[in-house]
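Below you will find one chain, with nothing else, as structure tokens; this is the form predicted alone, and questions on how it binds or moves follow later.
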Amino acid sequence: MPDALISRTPSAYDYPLLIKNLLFCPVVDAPDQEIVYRGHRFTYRDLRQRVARLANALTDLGVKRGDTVAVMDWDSHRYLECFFAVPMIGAVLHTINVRLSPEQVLYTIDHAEDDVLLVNSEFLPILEQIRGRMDTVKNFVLLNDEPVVPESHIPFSGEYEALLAAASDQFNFADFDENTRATTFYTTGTTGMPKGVYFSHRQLVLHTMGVMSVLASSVDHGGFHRQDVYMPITPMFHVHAWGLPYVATMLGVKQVYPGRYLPDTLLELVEKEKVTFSHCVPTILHMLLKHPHAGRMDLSGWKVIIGGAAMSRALCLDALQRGIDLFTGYGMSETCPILTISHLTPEMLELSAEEQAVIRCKTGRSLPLVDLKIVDSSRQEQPCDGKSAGEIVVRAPWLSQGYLKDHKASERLWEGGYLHTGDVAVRDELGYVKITDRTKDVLKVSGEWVSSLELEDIIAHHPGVAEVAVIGQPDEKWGERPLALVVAKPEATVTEKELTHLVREYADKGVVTKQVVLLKVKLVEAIDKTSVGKVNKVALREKYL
């Protein structure tokens, strides 16, 4: 017999999973909830009206379904409005990485075929450098936080607030296919030009639901609920700020947008607006905790997801001592991004801070609907014993289907029907995944695999170390030798010999392989970062090898 299919009444509503549906209910349920940016306070009722005004303004500029609208801005209420208005009219939102070089920015604008470009006045110097070479942009819109309009050769079609003021606050957001592309952005940290990643309405809605189901269901720690105050410290141009603005809006929570990431501003907002939920990369949190103002602040009750790079136990313990509820989230640009969260069970919360830190630094357990496997080179799934390592491959309803206009790279990404992350990991009997390295960063020393992340974690535990990155150094005898690049804390006394001795102690205890005794240490002034704050090991290899 054929499979039974659900019969549908002709007049029944076939509900598409569209981004507009993440917005409308919170506007009804929490119309007076606040959205804060640089002293300006808006309500969710205002957000709904401003989204409609922006939709009308863009339509008046000629934007139609399938066109691409690009944004160059700091984290702001405007960006949140674009997160909704642009895809809600059937257009594609291109979130431009403002930390790229002018030539890379030009490449992404042309590659994405942007039709309209909204640009903060602070980034006009970038546009001035590439003016006249943008092939597809028809209209420019100025985003300006200053009282004076800056001089520019860019032919603006108008200023954002003026365009919104002249537009109607009513717009009929029609239904369309939920598989319509909603967003595009470009990955960084790779060789060559950035790759375009794209997501549909359906994927973004399901990612929002999946993340919310995990965060909103946690009672003891790491929860995200309507009494929280949310502030992103991950750029909105980077994987939709990890998708959390969509979650925050759907929950109807107070949202605080900090603009440019300045330590003084971030800490002031945490204190003044009573921020309780954020997310960032380890380097940002390290910068905030070491800032002089942080010492006088009560940070207890602040929940922070760490992602984008491995969190060291030293950073975790430092945060826990300040009362910060810190835990890891994992994903990548191609996965929308969140795949796992390292929430602790009630029993784990009874453990010591040292024991908790080990778990909080793990990659975590999979979200609902995430089919995550750890496989060997033959694609055989590895046992959950905490020791058997392999690559993380994954399926989930919110993963990118590939790279924009790059069929070969897309086929490699999805080889064998699973998305390949390039991350090497183990999984324990409780289902907690721990990344041990990137496939391109793992070291082979005297025939044995050595994890650069494990070495970094050991060295970061030294009280005099501010930052560390481990790369492989070619060696005729051993194949590779680990090279640790270390930034010391200000006024700290730390020597290369002292750090190599520390690693040797861990090897003698059997915590890490004996091959790590071949480690070399080099004290440096700074460690290169990518445009989104991750350690740039590609640049480090070029510089030190």
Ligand code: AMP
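Nothing here was measured: the structure is a model prediction, and the numbers come from that model. One rule holds for the numbers: they count along the sequence shown, beginning at 1.
Only in words, not in the display: the form predicted in complex with the ligand, which the text now covers.
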In the predicted bound form, segment of 137-145, 348-356, 323-331, 172-180 with a heavy atom within 4.5 Å of the ligand: 323-331
4.5 Å heavy atom contact, residue 423 to the ligand in the predicted bound form: yes
Is residue 522 part of the interface with the ligand in the predicted bound form - any heavy atom within 4.5 Å? no
Please determine whether residue 435 contacts the ligand in the predicted bound form, using a 4.5 Å cut-off between heavy atoms. yes
With the cut-off set at 4.5 Å between non-hydrogen atoms, does residue 309 touch the ligand in the predicted bound form? yes
The single option of 184, 76, 276, 188 touching the ligand in the predicted bound form, heavy atom within 4.5 Å: 188
In the predicted bound form, which of the listed residues (254, 111, 238, 202) lies with a heavy atom within 4.5 Å of the ligand? 238
From first to last in sequence, which residues of 361-398 have any non-hydrogen atom within 4.5 angstroms of the ligand in the predicted bound form? 363
